[in-house]
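Next up is one chain by itself, shown in structure tokens, the form predicted alone.
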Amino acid sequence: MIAAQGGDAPAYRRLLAELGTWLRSYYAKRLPAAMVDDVAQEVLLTVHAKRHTYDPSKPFGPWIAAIARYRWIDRLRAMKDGLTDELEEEMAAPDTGEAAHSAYTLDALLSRLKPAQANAIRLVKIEGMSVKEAAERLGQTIALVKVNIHRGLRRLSELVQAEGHEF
């Protein structure tokens, strides 16, 4: 830290890297994993902003530990404040009934196709793979994947029209 205060850029980079490692370890024992990196970054920013306040005649460890502890306490207070929100009696939840019914119907229709057609449609039309990626995954030529998709979609259309399915 003394070298960093003196303008030694490589020493400052090394200090921040070592502090980052120490801070992540420190917070990993004290906070949920999702918060560790954010709080460590906050402390590194604080060190950067307040590095001029460090007194070189005093040990560095207690100085950085105090900053880390205060940030930890701040985060705990913020977590506590977030937990005091009252829950509503009628909590809104998205209605996924139609989507589940459509997914079930689509799966049932796909199961009535030839496996090569169903697999090609799933990969390209549902999962968003390119025809080339699907061909590689299925061990088929690009032309065969295209044919399977075309024939499978035509068959799906016939099934939907014949049975009156709704999505």
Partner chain sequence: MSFETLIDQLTDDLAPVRPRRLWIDVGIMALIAVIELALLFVIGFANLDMHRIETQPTVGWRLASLGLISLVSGFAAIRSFDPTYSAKGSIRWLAAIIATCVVGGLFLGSFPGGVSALLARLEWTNGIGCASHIALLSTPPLVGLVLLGRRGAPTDMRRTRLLVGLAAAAWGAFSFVFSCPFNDPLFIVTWYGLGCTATVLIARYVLPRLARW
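Just so we're clear, the structure is a prediction, and the values are computed from it rather than from any experiment. Positions refer to the first chain, counted from 1. Rigid core here is just the name for the largest C-alpha set that superposes within 1.5 Å across the two forms.
Another form exists, predicted in complex with the partner chain; not displayed. Remarks below refer to it.
- Among residues of the shown chain, Ala135 is not one whose heavy atoms approach the partner chain to within 4.5 Å in the predicted complex.
- Using a 4.5 Å cutoff between non-hydrogen atoms, Arg24 counts as a contact of the partner chain in the predicted complex.
- Within 4.5 Å of any heavy atom of the partner chain in the predicted complex lies no heavy atom of Leu113.
- The partner chain in the predicted complex is approached by Ala9, whose closest heavy atom lies within 4.5 angstroms of it.
- Look at 136 to 144, 105 to 113, 45 to 53, 120 to 128: in the predicted complex, residues with non-hydrogen atoms within 4.5 angstroms of the partner chain sit in 45 to 53.
- For the partner-free chain shown, Ala9, Tyr12, Arg13, Leu16, Ala17, Gly20, Arg24 of 9 to 30 come within 4.5 angstroms of the partner chain in the predicted complex, judged by any non-hydrogen atom.
- Once the cores line up, the CA of Arg14 ends up less than 2 angstroms apart between this form and the one not shown.
- Ser25: CA moves less than 2 Å between this form and the one not shown after rigid-core fitting.
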